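Laid out below as structure tokens are two forms of one and the same protein chain, each shown alone and named structure 1 and structure 2.
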Structure 1
Amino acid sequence: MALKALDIYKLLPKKNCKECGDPTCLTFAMKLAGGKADVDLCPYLDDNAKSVLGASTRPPIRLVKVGVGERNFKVGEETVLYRHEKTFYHPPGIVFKVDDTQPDEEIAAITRRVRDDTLTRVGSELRFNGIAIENTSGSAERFAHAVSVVEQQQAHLPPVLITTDPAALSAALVHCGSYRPLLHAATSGNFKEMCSLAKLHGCPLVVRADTAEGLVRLVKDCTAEGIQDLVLDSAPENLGAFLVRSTQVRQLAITRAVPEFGYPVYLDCEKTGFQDAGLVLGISKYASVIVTRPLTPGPAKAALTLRQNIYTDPQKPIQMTPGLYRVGTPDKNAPVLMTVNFSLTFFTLQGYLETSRVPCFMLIVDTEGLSVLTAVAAGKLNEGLVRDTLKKFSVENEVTHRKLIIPGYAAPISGRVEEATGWKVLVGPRDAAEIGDYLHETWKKEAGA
């Protein structure tokens, strides 16, 4: 179990030397308890204290990196069972699988798709993460050739190499060993050879067993061989088995009851018999590396959206940077629309404004990511904030008029905003979908008055 701050404090030197960067040892202890500091920052800890504190304060699930360069992804380092307790930190890598028996042009096309496809949602660029190549042919030569076809696309995508044959894996690593591929999988029958290849090429390694005892034994065997970056495959035969096993692994890992379970989890959706459902369950229930057959556009967007939602901090709204944003090429007579910095509000309004084809300014005020209605109710959206934001971004220099359109849900503060700013306040619609009609009708009348 993780130590509490006072338990950690008892192991510290209590010098209050500030060399760790904190004013007191108690402050440092509180950071260690929260996983926000490293024990190595204290220069006066003895080896025994470092060993005790290191085991207790480091994240219970090891961080594992797959791939190199800009497209690498990191998984693990999670600390909770439910995201509302804190948050989930590292989104699962979703990897498209190809077989080495597929035609070269088909493998190349799938690789290019993973390389190039991007979904832009609430200001984030969402992508799939890599390519898994499975040795279904049983031929080391064919497996190596398929891996070379992937690498010829210059995609620099993290590879996942799926085979239990060390000879086939060795042949494939000739083409991508320097790209830090994830190797799948070490079993009770081949772990020594697989560990040797993983160590030689500096690769993370999947261990696969269909029982908890088997996984624990394999983890011990592989760590004894010097492999630290491991991923767990519980070999689920169906979705129910995956749910039970992944939840068990997560529970025992975060409570540190079974340290050997303190690694990210692997899921091959196809092996469960329900690819799309497996993908949804994997994203929601603790899979860190998810292998799936290439998805059609609809399910692909749904999967990326679900992953973004699950791995967004539920206690911290996604926020936009406050400021004055341009939609189109607004001139000195363009309308100014004020709204909050909750990202969903921003992008929804921006989309409708672009559709209206009315060039305008968006004035974004800082409500700490709260929506309009919530910010008004909480007092975060008030006349002082609007006044200060108008001044901060020199809006009066951008337009000749002094007219400000505020959201319909901000109507209760319209009079106070007028008094505080000296601007005429116009109350816009409550529904952003109506903003186009509002600009074409109400604003044109107001601008011509």
Structure 2
Amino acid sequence: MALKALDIYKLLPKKNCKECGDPTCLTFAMKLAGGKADVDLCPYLDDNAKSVLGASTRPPIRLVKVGVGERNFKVGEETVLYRHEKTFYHPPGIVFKVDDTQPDEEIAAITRRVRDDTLTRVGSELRFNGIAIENTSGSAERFAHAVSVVEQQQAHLPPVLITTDPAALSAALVHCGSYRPLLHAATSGNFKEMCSLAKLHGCPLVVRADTAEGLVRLVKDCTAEGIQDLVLDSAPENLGAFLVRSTQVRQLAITRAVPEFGYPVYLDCEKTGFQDAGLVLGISKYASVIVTRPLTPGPAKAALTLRQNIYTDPQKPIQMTPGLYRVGTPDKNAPVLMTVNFSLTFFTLQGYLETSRVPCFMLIVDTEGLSVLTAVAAGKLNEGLVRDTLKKFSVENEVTHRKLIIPGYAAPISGRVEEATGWKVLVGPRDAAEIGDYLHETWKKEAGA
């Protein structure tokens, strides 16, 4: 059980020295309680306080960084089993895998694709995260060559090097050792050599074992060798095994019952025999590094979107950027529909508007992500906001009419909006599903009048 801010405060020096960067000890205690600060920032803690606070405020799952530069990704530092309890913080890195036996041009093309492919959704750029190279050939030379081909593309993508042969790994690290590649994998047979390579190059290391006992033992062995940045591969042979082991690791890690499980989880979808299902379950059930074969367009977009959905903070709805959005190619007589910038509201309305096939404008006002009902109740959605937004985006230049359709739940402010803007306000339906009928019937009549 995590300590509450008050309990933490009691252990702090209460000097308000500000040396931790926070204005008061209370503020620092709040951050510690939320896992957003490190105990070591406080210079005046006695050892006893430090150990008590350290054990209970340090993130139960270690944050591990893979790669360097702009495209590096960080995983771990998760605190819950269900996203609704708080949120999932660090989206898994999804890594495309190539074999070192593939032709150079194929390896190069896949690398460039991961470098360039971008899906823009809800104002975020979604990308795949890295390239995994598997030593399928068994040859150290071939492996090193394949890695060099990847690096030649200047993609600066985090690499994952898949081989249990220390010699092959050593050869490959010549090409990318300083880029913090993820090394896969240390096993009971090779961990000493793998650890020394990881140490030498300062790389995170995956440990692989197919039982809980085996994993715990390996983690102990590797930490004893001085490696802290570990990732766990429970070598699931099927999807069921993945679900059970991954849940086990997450649950026992966040409850701090098994500290050796306090590391991010690795999943190679191919090893389960199910690429798409592996991705779905990996994303939703606690995998932090997911290795997959390159995806075709359908699954590629679906996977990125699912990851974005699952890793959205459930307590903070995604907000749309306020502005004037077009549905179809609206002309100067097209209807203007105002609504809030809560993304779910926006997308729901947009979907129904597209289905209605009536070209129109959507005027999105900034309610800080509140829904219509809440924004009206809280006074956030008011006539001043609507007036200012109409002006800011020069809506009067886009249409010749002066009619604004507002959501049904915003009806209580319709009169005031009319006064403030001089636009005629039409109250639309409460349910977005009815907007099509509304445009076809009421708006048509109104536009004709």
Partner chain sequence: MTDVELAKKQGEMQLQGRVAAISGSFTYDETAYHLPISFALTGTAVHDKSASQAVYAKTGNNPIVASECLLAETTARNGKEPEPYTGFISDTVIRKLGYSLVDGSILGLALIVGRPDSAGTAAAICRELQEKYMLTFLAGEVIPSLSSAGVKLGLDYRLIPLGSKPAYGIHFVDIIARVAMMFGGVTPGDTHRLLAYAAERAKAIVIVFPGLTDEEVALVDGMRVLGFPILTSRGYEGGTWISAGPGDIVRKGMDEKGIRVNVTAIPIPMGCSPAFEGKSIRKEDMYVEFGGGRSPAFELLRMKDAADITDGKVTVIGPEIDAMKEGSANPLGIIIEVSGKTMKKDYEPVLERRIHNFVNYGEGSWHVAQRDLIWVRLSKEAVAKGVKIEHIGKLLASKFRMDFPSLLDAVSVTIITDPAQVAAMKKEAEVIYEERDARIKGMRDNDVSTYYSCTLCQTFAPNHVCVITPERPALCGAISWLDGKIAYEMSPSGANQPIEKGTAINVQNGEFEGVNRFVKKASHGEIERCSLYSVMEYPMTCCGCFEAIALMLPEVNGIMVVNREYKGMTPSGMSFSTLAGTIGGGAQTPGFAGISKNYVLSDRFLQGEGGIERLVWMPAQLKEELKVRLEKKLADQGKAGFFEKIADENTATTIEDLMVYLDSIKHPALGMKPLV
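C-alpha atoms forming the largest set that superposes within 1.5 Å between two forms make up the rigid core. Numbers given to residues start at 1 and step along the sequence of structure 1. Keep in mind that what you see is a predicted model, and the values were worked out from it rather than measured.
- Matching the description of the form predicted alone is structure 1; structure 2 comes from elsewhere.
- After superposition on the rigid core, the Cα atom of T111 is displaced by less than 2 Å between structure 1 and structure 2.
- After superposition on the rigid core, displacement of the C-alpha of S288 between structure 1 and structure 2 stays below 2 Å.
- Comparing the forms between structure 1 and structure 2, the C-alpha position of F361 differs by 2 angstroms or more, with the core used for superposition.
- The Cα position of L11 changes by 3.7 Å between structure 1 and structure 2 once both are aligned on the rigid core.
- Core-superposed comparison between structure 1 and structure 2: H440 shows a Cα shift of 12.9 Å.
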